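Next up is one chain by itself, shown in structure tokens, the form predicted alone.
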Amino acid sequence: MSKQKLLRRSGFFIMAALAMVLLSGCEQYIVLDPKGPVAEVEYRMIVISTILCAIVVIPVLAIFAYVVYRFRDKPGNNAPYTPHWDESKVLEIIWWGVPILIIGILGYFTARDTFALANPPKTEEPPMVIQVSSMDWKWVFHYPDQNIATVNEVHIPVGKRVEFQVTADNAPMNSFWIPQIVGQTYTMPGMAMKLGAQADHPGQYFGSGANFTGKGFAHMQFKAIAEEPAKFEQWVTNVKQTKPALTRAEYEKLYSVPGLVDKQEYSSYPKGIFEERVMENGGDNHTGHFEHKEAAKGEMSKESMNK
């Protein structure tokens, strides 16, 4: 077999293997199928990172294959032996300059998009707030404006900005993640973090904890249901009229008894329970809300110091 035929066939099999890996089961790669502006920014970062990495990885793999083939130990191989490249200024510039340039470009895009997502421009219409508590091993969602609560399922209206305020309640640190709508952020006891999101398309999206938290971690998943605003309001009305209230005793049972539970909906919940639990467990607030409680905590600390 001639060298050209061998190279062509090798190239064909390499491309076929890459296609099988990259294209088979595309529907399962939900990270690559964004359904909102936040997820689209993150998808763009994935593409940019992949291209920049490919600039290094593909030539290195190609050169590696060429060197192995060209300089293989074979009778009659007349490949030249020139090992004295240690003072080559050209090569030094290439293998130091290219990675530095790539890291600089990647750093620029990463910093730009990270700050843009962390500090979205303020609009006249405030975002809808949903407070999220991760527990062992369940997700509890509070809707302060609607005064309802759900477990292991969250509803959001399509086209509206949503601010998730997240914490962990009597449970280890976890990570809140809806891949097709928004990236992940950590949930920690005594700390309230926020995460902006928006869904531009109706549908049911996969949500999960992305940080190992013990025995029930693998089943700690939830549905994120994005629906048209009118349908969302209809769902809220139905929950308020047909579902029971979440009492303080039932809420304490949710966070104090580890275990899996089915989807649940509640027509109301103890007002301020999310803020109360955050403040009881440390009160590190990064949401920019419930400042009055922080002020109260500060006064309590002063009183304790004066005693």
Partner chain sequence: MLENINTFASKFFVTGDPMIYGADVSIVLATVGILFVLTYFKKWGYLWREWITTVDHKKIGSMYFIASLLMLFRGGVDALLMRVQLAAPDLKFLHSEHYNEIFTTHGTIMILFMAMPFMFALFNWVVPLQIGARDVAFPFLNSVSFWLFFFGAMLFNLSFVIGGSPDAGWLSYPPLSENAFSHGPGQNFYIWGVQISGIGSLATGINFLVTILKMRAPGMKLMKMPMFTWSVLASCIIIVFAFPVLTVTLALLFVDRFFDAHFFTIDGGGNPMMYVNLIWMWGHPEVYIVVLPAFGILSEVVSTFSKKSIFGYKSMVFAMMVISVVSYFTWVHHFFTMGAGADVNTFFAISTMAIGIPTGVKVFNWLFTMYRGRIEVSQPMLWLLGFIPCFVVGGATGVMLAVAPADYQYHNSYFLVAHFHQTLIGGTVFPYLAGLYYWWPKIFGFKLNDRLGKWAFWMWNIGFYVCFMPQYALGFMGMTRRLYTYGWDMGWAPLNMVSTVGAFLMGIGFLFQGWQIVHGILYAERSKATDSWGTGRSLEWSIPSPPPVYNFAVVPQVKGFDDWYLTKEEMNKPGYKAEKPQFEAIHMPKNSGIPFVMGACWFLAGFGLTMETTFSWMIVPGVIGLIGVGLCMFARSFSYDTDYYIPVDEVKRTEASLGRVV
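We call the rigid core whatever largest set of C-alpha positions still superposes within 1.5 Å between the two forms. Only a predicted model underlies this, so the values are computations on that prediction, with no experimental measurement involved. Residue numbers count along the first chain shown, from 1.
Another form exists, predicted in complex with the partner chain; not displayed. Remarks below refer to it.
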property	result
Which of 196-204, 232-240, 94-102, 152-160 sits within 4.5 Å of the partner chain in the predicted bound form, heavy atom basis	94-102
In the predicted bound form, residue 185 touching the partner chain (heavy atom, 4.5 Å)	yes
Partner proximity in the predicted bound form: residue 211 to the partner chain, non-hydrogen atom cutoff 4.5 Å	yes
Close approach of residue 254 to the partner chain in the predicted bound form, 4.5 Å, heavy atom	no
The partner chain contact at residue 189 in the predicted bound form, heavy atom, 4.5 Å	yes
Complete contact of 130, 146 and 224 with the partner chain in the predicted bound form (any heavy atom, 4.5 Å)	no
Contacts with the partner chain in the predicted bound form - residues in 227-250 whose heavy atoms fall within 4.5 Å	none
Core-aligned C-alpha movement of residue 87 between the shown form and the other one reaching 2 Å	yes
Cα displacement of residue 73 between the shown form and the other one reaching 2 Å, rigid core superposed	yes
